[in-house]
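The chain below stands alone and is given as structure tokens, in the form predicted on its own.
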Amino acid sequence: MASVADNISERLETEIVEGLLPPGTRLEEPALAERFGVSRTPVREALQRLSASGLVELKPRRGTQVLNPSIGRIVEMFEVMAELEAVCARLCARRADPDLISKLKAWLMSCETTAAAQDVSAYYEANRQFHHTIYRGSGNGFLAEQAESLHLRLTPFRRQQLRVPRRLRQSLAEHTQVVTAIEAGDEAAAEAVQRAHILIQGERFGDFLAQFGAGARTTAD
């Protein structure tokens, strides 16, 4: 059931970000269940995930409505995400043990495999696990919680920027640099490359919007 909800969530996420489901659109569970040929349970779960990402608003007894994300707000979130991840990477380089390095390399290999297959969905999942391993590897539980929370909010935009041409390969190269710095215990390098890795995601998301002309429907700060 979870994988069905994942697929529905990703389909709706893409349609919202690309502007196919404009702000104010009502998303009704029965209609979506019929569209995707499933029961209402995975549809409800998918809508809850979109709500957690800030793409829709769940209104009691009034259904679900697509929200209007602000480009300025998204950029601000990526800036904060970059700083949180930079600190995580720095602490990870300071505290990493052989087990953590092994886990990072395993997820890096998964990223390499899925990038070679040009499978954006599978790459994103390996990418998510890679980043969460760094969060937990920081050894700071509160920091990891904050990073994971904001990562969840940015999920739609982090995933969609991977659809920009050649972004998968570039992302993979950036991951490799991060692992190299962490394994070497180079705190400054780990912090710098991780910060740059996240900031460029915000830039690539802008490129993605430009491809589909979605930028015209978003509000500016």
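Residue numbers run from 1 along the displayed sequence. These figures come from a predicted structure and were not determined experimentally. Between two forms, the rigid core is defined as the largest C-alpha subset superposing within 1.5 Å.
Just so it is clear, the following notes concern the form predicted together with a further copy of the same chain, a form of the same protein that is not shown.
Residue heavy atoms within 4.5 Å of a further copy of the same chain in the predicted complex occur in exactly one stretch of 124-132, 96-104, 110-118, 139-147, and that stretch is 139-147. Heavy atoms of Arg153 reach within 4.5 Å of a further copy of the same chain in the predicted complex, making it an interface residue. Within this chain, Arg195 lines the site of a further copy of the same chain in the predicted complex, having a heavy atom no more than 4.5 Å away. Within this chain, Arg44 lines the site of a further copy of the same chain in the predicted complex, having a heavy atom no more than 4.5 Å away. Contact check for Ala173: no non-hydrogen atom falls within 4.5 Å of a further copy of the same chain in the predicted complex. If you check a further copy of the same chain in the predicted complex, you find a heavy atom from every one of Arg73, Glu76 and Glu79 within 4.5 Å. Listed residues Gln48, Thr180, Gln65, Ser39 were compared with a further copy of the same chain in the predicted complex; Gln48 is the one with a heavy atom within 4.5 Å. Comparing the forms between this form and the one not shown, the C-alpha position of Leu67 differs by 2 angstroms or more, with the core used for superposition. Taking 2 Å as the criterion, Glu29 counts as shifted between this form and the one not shown: its C-alpha moves by at least this amount when the rigid core is aligned. Closer approach of the C-alpha atoms of Ser149 and Leu55, by 3 angstroms or more, is seen in the predicted complex than in the present form.
Relative to this conformation, an increase of 3 Å or more in the Cα-Cα distance between Glu112 and Ser53 is found in the predicted complex.
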